[in-house]
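There is one chain below, alone, in structure tokens, taken in the form predicted on its own.
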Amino acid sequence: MRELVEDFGGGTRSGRPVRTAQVGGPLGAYIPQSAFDVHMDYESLSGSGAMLGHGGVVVFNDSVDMARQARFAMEFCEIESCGKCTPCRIGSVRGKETLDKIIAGANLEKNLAVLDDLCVLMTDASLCAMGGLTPMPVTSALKHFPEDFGSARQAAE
């Protein structure tokens, strides 16, 4: 992936440092720049907690707010959901609302726990890949960029 992003792609369009790349489409995982030495194949990406998906790669510079990117995933699912199953239809709305609270710095510990529960529920109980994969960018953002979810805490204190 490093070769693809840095050598072939030339880094970011803005020239700012690369922070992360989302692989596999809008519901793909975020891979931090420090983990770019992963091979771009199904098994390697899966082993790193990502997926090949449709093969898309979106590169983000160091100005990206990963809490807002996580919110985007929930909002994307809310808009694109067919509405057939409750975990996707309602989970994505509640996920977006919960991320709004986290971004605002409200009850961070409680809302992070709610978000974690929603992600598990959506992954395990959604009827299709849409709802089941929506948590992937959220959980990868939380895992690799926890400081973006705690910066609201510092602002509130």
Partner chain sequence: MALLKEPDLGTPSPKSHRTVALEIDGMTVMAEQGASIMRAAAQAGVSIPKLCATDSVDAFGSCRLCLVEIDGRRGTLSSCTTPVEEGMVVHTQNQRLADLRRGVMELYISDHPLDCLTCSDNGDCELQDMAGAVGLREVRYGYDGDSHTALGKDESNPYFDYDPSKCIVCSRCVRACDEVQGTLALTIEGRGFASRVAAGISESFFDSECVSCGACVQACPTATLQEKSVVEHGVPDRTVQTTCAYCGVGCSFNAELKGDQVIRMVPSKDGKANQGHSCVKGRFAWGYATHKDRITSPMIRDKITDPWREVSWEEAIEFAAAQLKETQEAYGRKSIGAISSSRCTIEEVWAVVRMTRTAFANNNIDTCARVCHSPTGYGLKQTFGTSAGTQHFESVQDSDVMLLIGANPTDAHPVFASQMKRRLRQGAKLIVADPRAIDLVRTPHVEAAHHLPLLPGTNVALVNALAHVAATEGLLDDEFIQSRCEGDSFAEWLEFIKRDENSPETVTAILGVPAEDIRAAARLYATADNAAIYYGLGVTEHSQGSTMVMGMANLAMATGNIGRSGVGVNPLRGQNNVQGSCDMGSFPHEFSDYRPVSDETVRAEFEAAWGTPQDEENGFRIPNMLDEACAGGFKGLYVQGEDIAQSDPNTLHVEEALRAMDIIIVQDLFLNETARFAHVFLPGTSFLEKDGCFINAERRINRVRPVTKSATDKDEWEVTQALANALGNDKMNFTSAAEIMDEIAALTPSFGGVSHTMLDEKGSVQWPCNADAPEGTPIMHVDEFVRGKGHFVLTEFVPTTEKANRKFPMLLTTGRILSQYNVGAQTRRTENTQWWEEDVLEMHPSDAEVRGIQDGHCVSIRSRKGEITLKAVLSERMAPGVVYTTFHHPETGANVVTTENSDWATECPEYKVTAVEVTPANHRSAWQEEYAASTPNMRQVAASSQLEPAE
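Numbering follows the first chain given and starts at 1. Predicted model, so just to flag it, every value in this text is computed and none were measured.
What follows is about the form predicted together with the partner chain, which we do not show.
Note that among 65-73, 115-123, 48-56, 35-43, the stretch whose heavy atoms approach the partner chain to within 4.5 Å in the predicted bound form is 115-123. The three residues Ile79, Cys85 and Val93 all sit with a heavy atom within 4.5 Å of the partner chain in the predicted bound form. Shown alone here, Asp100 lies farther than 4.5 Å from the partner chain in the predicted bound form, counting heavy atoms only. With a 4.5 Å cutoff on heavy atoms, Leu108 does not count as touching the partner chain in the predicted bound form; it lies far away. Though the partner is left out of this view, Leu127 does reach within 4.5 Å of the partner chain in the predicted bound form, counting heavy atoms only.
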